[in-house]
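What follows is one chain in structure tokens, specifically the form predicted on its own.
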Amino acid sequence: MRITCLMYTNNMSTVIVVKHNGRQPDRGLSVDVYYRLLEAGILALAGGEDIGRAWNRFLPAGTVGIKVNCLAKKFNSTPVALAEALVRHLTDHGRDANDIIVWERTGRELAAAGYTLNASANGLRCLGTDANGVGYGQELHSSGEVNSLVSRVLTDMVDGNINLPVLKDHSLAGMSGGMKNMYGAIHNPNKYHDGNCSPFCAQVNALEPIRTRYRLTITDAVRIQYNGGPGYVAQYMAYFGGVILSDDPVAADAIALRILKRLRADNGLPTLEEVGRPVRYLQAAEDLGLGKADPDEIVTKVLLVGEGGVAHAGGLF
């Protein structure tokens, strides 16, 4: 794995890891800190363009979806502060709040994680697929062994989607990151957990509405559960203090996996392979053409953001 400050070439994928260079907060990062992390990250991903142009480079005109992960309620879900910082960025740089939808499988999960629901036609919308008038599309989408209905948020309501997951251990898949988060977009995720969720996780992400709406992965890696997931187990939480950004969903998860494996090793745990939970779906996803899983084809830039501005770091740790 190369950690460098060089921009990637056309045959490489790039991942930006932006870390908070300051005192470790007790309750996660604030909206303002997340805002600065996102600004540094999207500028680096776009190659140093104007911030507004940087966002527009990755996002289409029209309505933007933001898929959060709220399975762990307020304990270890996508932080509301991160979602608010992302929405603020989009509205500060030309998006109307009415053209942004924060979404998850159910409104109950969103509310339990601290989000304020709004399924109306006005203002920033925050809703579950189970909201009145949403639901799942009627067309069955297929990829390999996966045959699923897909949330109408993706099929009918947004033009592009930002994946906003949480990095954590997963009892079956080995890791839950961006790609695993998209299980929350289909009506039958329970069917696709055999074989460490492989090749199913890759095939879910290859479903046409998910693949064609995908624009960015922004993974919260501030507090990482490195064992015992995907539910919350306090003893296995570690502070990393960063977010992971990429327009390649496979590469984003590949770097997230490297961080997860390092935290397990640092805390004296056996490898995911040794406990029978290898993360197999990344190679399956690369085989489907969804992105880069090979570390030799991923260039990673690590930035530190603090009161003094933005600095380059020598590595992830």
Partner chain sequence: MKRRTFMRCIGCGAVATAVAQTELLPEFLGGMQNACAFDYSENLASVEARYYKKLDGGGVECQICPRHCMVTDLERGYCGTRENRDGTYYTLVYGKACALNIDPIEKKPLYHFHPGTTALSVATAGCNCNCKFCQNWDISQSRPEQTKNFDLSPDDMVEICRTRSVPNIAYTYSEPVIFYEYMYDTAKRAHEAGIKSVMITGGYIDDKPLAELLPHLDAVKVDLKGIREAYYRDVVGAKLQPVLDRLVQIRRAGVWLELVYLVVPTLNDSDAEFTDLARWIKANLGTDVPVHFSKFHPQYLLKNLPATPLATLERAYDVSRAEGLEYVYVGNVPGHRTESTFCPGCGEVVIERKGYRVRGINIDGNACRSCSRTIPGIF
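Treat the numbers as computed from the prediction; the structure is a model and nothing was measured. Positions refer to the first chain, counted from 1.
We do not show the form predicted together with the partner chain, though everything after this point is about it.
The partner chain isn't shown here, but in the predicted complex which of A206, V134, V87, A111 has a heavy atom within 4.5 Å of it?
Among A206, V134, V87, A111, a heavy atom within 4.5 Å of the partner chain in the predicted complex occurs only for V134.
The unique member of G241, P199, G229, P79 whose heavy atoms fall within 4.5 Å of the partner chain in the predicted complex
Looking at the other structure, the residue within range turns out to be G229.
Mind checking whether each of R258, R264 and D294 has a heavy atom within 4.5 Å of the partner chain in the predicted complex?
No residue of the spot touches the partner chain in the predicted complex.
Should C126 be classed as touching the partner chain in the predicted complex when contacts are defined as heavy atoms within 4.5 Å?
No, C126 is distant from the partner.
Quick one: is L71 in contact with the partner chain in the predicted complex, heavy atoms, 4.5 Å cut-off?
Yes - in the predicted complex, heavy atoms of L71 and the partner chain come within 4.5 Å of each other.
Does N122 make contact with the partner chain in the predicted complex, using a 4.5 Å heavy atom cut-off?
Looking in the predicted complex, residue contacts with the partner chain do not include N122, since no heavy atom lies within 4.5 Å.
Applying a 4.5 Å heavy atom distance criterion, does A97 contact the partner chain in the predicted complex?
Looking in the predicted complex, residue contacts with the partner chain do not include A97, since no heavy atom lies within 4.5 Å.
Among 114-122, 147-155, 212-220, 79-87, mark the stretch whose residues have heavy atoms within 4.5 Å of the partner chain in the predicted complex.
Looking at the partner contacts, the answer comes out as 147-155.
Contacts with the partner chain in the predicted complex, stretch 27-51 (heavy atom within 4.5 Å):
Read in sequence order, no residue approaches the partner chain (within 4.5 Å, in the predicted complex).
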